[in-house]
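To begin, one chain is listed below as structure tokens, in the form predicted on its own.
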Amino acid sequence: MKIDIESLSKSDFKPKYKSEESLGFGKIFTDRMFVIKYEKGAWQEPATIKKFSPVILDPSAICLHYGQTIFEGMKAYRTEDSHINLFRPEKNAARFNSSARRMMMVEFPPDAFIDGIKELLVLEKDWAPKSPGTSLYIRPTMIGTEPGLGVRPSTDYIFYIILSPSGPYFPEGFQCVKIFVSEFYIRAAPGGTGSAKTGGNYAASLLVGKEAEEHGCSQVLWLDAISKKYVEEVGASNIFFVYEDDIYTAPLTLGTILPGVTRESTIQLAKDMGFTVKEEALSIETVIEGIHSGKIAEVFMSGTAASIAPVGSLYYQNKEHIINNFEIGDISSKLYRTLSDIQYGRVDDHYGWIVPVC
């Protein structure tokens, strides 16, 4: 893939953030973005790295009316010696195309996906924060841009990548969070779009997210669509339960759960630590009973944005159910440290997960 790099004038450059402690998540964006268009049945080379700027759309663009939007969430990690690492980018490229197929969108070449990210990172590396827990968040996105009404796949697309220097996803950092269990609304049904990283899935979660906030919770835990009995995933993460010495997480077989890159990595790390990991759905009744009996010793989430995040309580049926005295468990702590050490280059990567950029 050919990439043209547009020159920026001095006035095009933004002032850098003043404090890494106040970065937040997804609030600040770097000077440049990567853009390429799909028209007339082909990706129109060269791609362009240009000034970060608005994407201009026709008011009738198909993405605005019929939801042809997909994206990925990735991070670039600054190491202690100031190099920049990517974490398993080939997995994100593959999931991006899986989402594209489900949403009837054109696929983007995986090599071009990774090369575009690398080229952009080389130019924007000075935006990558240095403090522990910070990162340069990467958002590859594709939208259907063909103008015209009528339910059909778009013929034209824009693929772009933007970068955002970010602090921890949860403001409290690596601390226990409270989760709200949705008893009425669902995230995804078998045969639906739950395994695709598409905008509509997240829009559908906003109403319940507001309800969760009203109960002092950070995220929503979704139950299965058919029986509303089995635990599936959290709004921004997959979820794990340490139950009677084994680690449980919901299976991907029904296509209702996003196949998380961090989820897959967490499973591998846990197995290598000697734990038995079972990809089996637990009922919410089993979870609540396990919390109170002590059979569930820990609950934690996994995701690119949140990394590993311990869960301190579940709010279910108008009651807060406290997990492990609202204390961080040993297993989630160990997984968090191990995963972070690999991502930030503090230990050798025996898995081949790290891709150095610059």
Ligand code: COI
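When you see a residue number, it is the position in the sequence shown, counting from 1. Keep in mind the model is a prediction, meaning the values are calculated, not measured.
The same protein has a further form, the form predicted in complex with the named molecule, not shown here; the description that follows concerns it.
Heavy atoms within 4.5 Å of the named molecule in the model of the complex are found in one stretch of 284 to 292, 197 to 205, 142 to 150, 109 to 117, which is 197 to 205. By the criterion of a heavy atom within 4.5 Å, A236 is counted among the residues contacting the named molecule in the model of the complex. Under a 4.5 angstroms non-hydrogen atom cutoff, the named molecule in the model of the complex has T304 among its neighbouring residues. Proximity of F25 to the named molecule in the model of the complex: non-hydrogen atoms within 4.5 Å are present. With a 4.5 Å cutoff on heavy atoms, Y230 does not count as touching the named molecule in the model of the complex; it lies far away.
Screening F159, Y248, Y169, F180 for any heavy atom within 4.5 Å of the named molecule in the model of the complex leaves a single hit, Y169. Interface residue among W127, F71, F174, Y77 relative to the named molecule in the model of the complex, by the heavy atom within 4.5 Å criterion: F71. Counting a residue when any of its non-hydrogen atoms is within 4.5 Å of the named molecule in the model of the complex, the one hit in 124 to 138 is Y137.
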